[in-house]
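The data below hold one chain only, encoded as structure tokens and taken in the form predicted alone.
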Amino acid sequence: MNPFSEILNGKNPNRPPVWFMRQAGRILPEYQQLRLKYSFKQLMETPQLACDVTLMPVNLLDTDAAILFSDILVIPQALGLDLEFTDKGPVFQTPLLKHSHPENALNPQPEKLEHIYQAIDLIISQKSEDIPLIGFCGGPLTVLLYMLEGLGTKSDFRNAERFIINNQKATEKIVDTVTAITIEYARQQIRHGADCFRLFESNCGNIPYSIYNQIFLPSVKKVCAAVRALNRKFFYFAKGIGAGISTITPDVCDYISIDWQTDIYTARKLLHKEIEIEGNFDPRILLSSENQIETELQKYKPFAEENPKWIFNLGHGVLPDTPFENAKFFVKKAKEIFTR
């Protein structure tokens, strides 16, 4: 059985599963060829194209799981924000901070997510049965930062951060709305065939953890509960959480992805014993030589032996200038080194 599927079924595989965050696209030559013909928006919103891109890394890199090709900002679209996906990134015509009362400016339109469920139907019909499909969404803080600031890049959320810190009641109201549609989004992905579900909180470290814990973590717990109610495992990536990992309890997630900034052994000591670990490999190392990649992989072998349910992944997304051959070598060599 596929090692990722074994883990999802509560078994200990003979090696950790291997996959990448942001594996569908970026570094794949076949994806770049598609981008010469189609915009990112067209690839994402055309079900068959989204299906094709989702399955590319499984076929080309031999990863152990496919992850849905989509974007975390489909949720703002489904909440009525005027958002366009351009070649330079997402552009919000009227971000929430342009409204006098941002908490009252949302207009849920869940029908805007239908093309994603159609893509999942195609993926399920066309993928190998032994390859699990990972469904996902953006975390409540990460999505809200974009919604408030309206940025097309990740460089600066200072106005959004200021709003969250100074307007916590209004923030809680927006988060409630985001959470409700996120739960329905997760449920529909699973009903259409996703084998597990993950939440990407890529900006967890942007605000004081005490505020994150108070306002945003309850939202994560609600999404987790909805996913588990459908008998699926819930994965949580909280980049920049740091020592906050010690407060994460089993009602938050089944797995937590460890970013590359945190020592994996320290994370294991701080984390609740019932929560499993994923990730941690520094994506920048994939820019180096094969010898260096192999040297760094070897450092994880003791951890793999001590933690039979560990899933091997990067500590963030694969970098866009990563050589394709390095990524392919990484997958092949990791499977060799970690096989028990």
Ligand code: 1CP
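One rule holds for the numbers: they count along the sequence shown, beginning at 1. Note that the structure is a prediction, hence the values are computed from the model and not measured.
Below: the form predicted in complex with this ligand, not depicted.
*Asks:* Would R26, Y31 and F200 all count as contacting this ligand in the predicted complex, using a 4.5 Å heavy atom cut-off?
*Replies:* Heavy-atom distance to this ligand in the predicted complex: all three under 4.5 Å.
*Asks:* Which of these stretches, 285-293, 270-278, 63-71, 305-313, has heavy atoms within 4.5 Å of this ligand in the predicted complex?
*Replies:* Correct option: 63-71.
*Asks:* Could you work out which of F136, Y209, Y185, F234 is the residue within 4.5 angstroms of this ligand in the predicted complex, going by heavy atoms?
*Replies:* Of F136, Y209, Y185, F234, the residue with a heavy atom within 4.5 Å of this ligand in the predicted complex is F136.
*Asks:* Among K11, R22, K328, R15, which has any heavy atom within 4.5 Å of this ligand in the predicted complex?
*Replies:* After the contact test, the surviving option is R22.
*Asks:* Using the partner position in the predicted complex, report whether P90 sits within 4.5 Å of this ligand, counting heavy atoms only.
*Replies:* P90: contacts this ligand in the predicted complex.
*Asks:* Taking heavy atoms only, is Y146 within 4.5 angstroms of this ligand in the predicted complex?
*Replies:* Contact check for Y146: yes, within 4.5 Å of this ligand in the predicted complex.
*Asks:* Any chance Y255 has a heavy atom within 4.5 Å of this ligand in the predicted complex?
*Replies:* Answer no; every heavy atom of Y255 is more than 4.5 Å from this ligand in the predicted complex.
*Asks:* Is there a non-hydrogen atom of F85 within 4.5 angstroms of a non-hydrogen atom of this ligand in the predicted complex?
*Replies:* Judged by the heavy-atom cut-off of 4.5 Å, F85 is in contact with this ligand in the predicted complex.
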